[in-house]
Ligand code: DHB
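Before any questions on binding or motion, here is one chain by itself as C-alpha cells, the form predicted alone.
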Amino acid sequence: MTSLQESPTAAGSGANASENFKAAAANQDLADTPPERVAAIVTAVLKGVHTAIEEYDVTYPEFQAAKAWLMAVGEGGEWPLFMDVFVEHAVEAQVARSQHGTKGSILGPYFLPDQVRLPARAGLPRRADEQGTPLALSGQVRDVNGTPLAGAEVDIWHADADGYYSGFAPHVPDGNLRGIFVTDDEGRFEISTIQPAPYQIPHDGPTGQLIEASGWHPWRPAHLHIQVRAEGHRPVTTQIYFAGGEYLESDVAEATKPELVIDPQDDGTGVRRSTYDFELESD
C-alpha cells in the first residue's frame, strides 16, 4: 500500500468533493420544489429523528455530542462524503424503480467532469509505471430495443492499485485512470486499464469517527465507476464490481448489486478480460 504520508485526508478529499459538487449543483435550486413537498419531506425526516430519540431514550449529553459531530462534518467539508456513502444508495434505488435499462449505482464523491476523450478502443491515461493487474473491459452500448448507439460516451474513472483516485490524492497525477470513450459505429468499446483495489473511504475525520463509534468498517469493494451517455437517452451512472472481491457483501456504501458483478478471466497473456453491455432508455 502507499505510504501514510501520501494518503489523502478526509479534509482534503472533502474540500475537493465539496468544490466539485457545488460546481455541478450550481443550477439546481430547492426553489424548484413546491413548498408543500419540501414541508412533507422535512417533516418526515424530523419525525424519524424524533422517533429515534424517543425509542432509544437519547440523553442530553448524547444530543450535544451529535450536534458537535454535525458541526464538525460541515466544518470539515465532509457532507458530500457522508451523503454519498450513507444516503445516496437509497435515493438511487428509489429513482431506479421508474427506470429501465442497465442497473445503476451511486455516483459517489470522486467524479470529475471534462476528462480526456478517447476512441472506442484505447487505454485509460496512466503513469508509465502504473501498478496493477492489466484489465480489459469491452462491450456495446445500445437502446432498450437492442439498437446500437454509435457515438455514445462511456465515461470511466476508478482507483489505482493502492485504492487512490486522481484529483483526490496528492501523489496521483491529474487525469490518471480517467477518460471518456466514444463508441464506434456499432456502439462498441474496449477499455484497457488496470484492476483497481478495494479502498477505505477517508476516515480520519468526523465521518470516520461515526464509523468507528458504530463498530462498522470503512471499506468499499474494488469497482469501476462508469457513466454512459447518448443523445436522446437517459444517462446511466453505475459501478462494476468483481466476482469474489473482498467487501463485496459488506460495502460501507451499500451500493453493490448482483447485476453489476463481472468475472474477468486471464486471456493467457496476463490480461484479465470481461465484457459488459449497457442499455439506455429514451428520454
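Just so it is clear, the structure is predicted and the values come from calculations on it, not from any experiment. Note that residue numbering follows the sequence shown and begins at 1.
FYI, the form predicted in complex with 3,4-dihydroxybenzoic acid (DHB) isn't displayed, but the following is about it.
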Do residue 84 and 3,4-dihydroxybenzoic acid (DHB) share at least one heavy atom pair within 4.5 Å in the predicted complex? yes
Considering only heavy atoms, tell me if residue 191 and 3,4-dihydroxybenzoic acid (DHB) come within 4.5 Å of each other in the predicted complex. no
Looking in the predicted complex, any heavy atom of residue 108 within 4.5 Å of 3,4-dihydroxybenzoic acid (DHB)? yes
Give a yes or no for residue 202: in the predicted complex, does one of its heavy atoms lie within 4.5 Å of a heavy atom belonging to 3,4-dihydroxybenzoic acid (DHB)? yes
Looking at 59 to 67, 242 to 250, 46 to 54, 219 to 227, which stretch has residues with any non-hydrogen atom within 4.5 Å of 3,4-dihydroxybenzoic acid (DHB) in the predicted complex? 219 to 227
Partner contacts in the predicted complex for 154 to 174 (non-hydrogen atom within 4.5 angstroms of 3,4-dihydroxybenzoic acid (DHB)): 165
